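Single chain ahead, written as structure tokens, the form predicted on its own.
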Amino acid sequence: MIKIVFLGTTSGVPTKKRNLPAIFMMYKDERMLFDCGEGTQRQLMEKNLKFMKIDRIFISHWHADHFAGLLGLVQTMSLENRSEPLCIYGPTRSKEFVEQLLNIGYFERGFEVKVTELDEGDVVDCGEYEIIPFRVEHRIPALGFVFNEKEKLSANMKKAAKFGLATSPLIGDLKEGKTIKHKGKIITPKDILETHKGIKIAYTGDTKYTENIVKFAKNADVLISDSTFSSDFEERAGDFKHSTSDQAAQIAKKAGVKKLVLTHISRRYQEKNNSEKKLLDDAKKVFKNTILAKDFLEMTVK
């Protein structure tokens, strides 16, 4: 199970209702951020999300609306006596930009910040899950990310009972790939164990429509997509290398995802005049299981 909290869902400029881009995810006891726009630490505090326990931050690209919250967050972590390393991942030049950002002003960190530059083809192995970066098409080098929970083995308890193993610790040996002998019978892992697909979540960051997202989002449980504009601004979206909400829906449909979440919403779309509805309506014409993200929207994916 993974918990997702949208901390910022606007694009470029914050509004009274929407903060700059940031998505919090928690898998078991591990906490991570995808992008960290200005104001992210206050959003974390507002939801009591224990920001001190965040160990990994993934920056999709180095436009300020996606990274400007890093400086304040790191300084607060240090003021709160953090000692554990913080890992930051991003596209090319990430080491250079983090070094510049964290050395602004007079400040001494009390912990290590480790920066890793990623490109498509790399994998961040986190034990029970992995983060897979992929290239998207924006005005500067930019990445999308896939959270991919590794396949799990579990015992089919009906099959286990037939072998007299329903409550036996020997099931642990089978999960380790061992063949066992029990009550005179030879039992192999495939006799009892079943493989279950893990959770998959794809996040595009900022991008225009590209088939590469379809490839990496294939069969995802959730696709979180750039949806800066509605369909009547398709040319403008292309010029600025962003997506329209119906283009996001086309990707969701082609990729066979279960749910689409629209985010990175231009400030031209407001709840008060119902213009946000245009984004959702455009997407739902193509892909019905679509929702429009708002700040502090929470989702649980099982």
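Computed from a predicted model, the values in this text were never measured in an experiment. Sequential numbering from 1, following the sequence displayed.
Omitted from view is the form predicted in complex with a further copy of the same chain, to which the following refers.
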Partner-proximal stretch of 258-266, 64-72, 26-34, 243-251 relative to a further copy of the same chain in the predicted bound form, 4.5 angstroms, heavy atom
64-72
According to a 4.5 angstroms non-hydrogen atom cut-off, is Asn289 in contact with a further copy of the same chain in the predicted bound form?
no
Contact between Glu46 and a further copy of the same chain in the predicted bound form at 4.5 Å, heavy atoms?
yes
Since only the chain is shown here, I'm wondering whether Lys284 would be in contact with a further copy of the same chain in the predicted bound form (any heavy atom pair within 4.5 Å).
no
Examine Pro141 and determine whether its closest non-hydrogen atom to a further copy of the same chain in the predicted bound form is within 4.5 angstroms.
yes
Looking at Ser231, Thr76, Ser168, Thr116, which has any heavy atom no more than 4.5 Å from a further copy of the same chain in the predicted bound form?
Thr76
Do any residues of 9-28 have a non-hydrogen atom within 4.5 angstroms of a further copy of the same chain in the predicted bound form? If so, which ones, in sequence order?
Gly12, Val13, Pro14, Thr15, Lys16, Lys17, Arg18, Asn19, Leu20
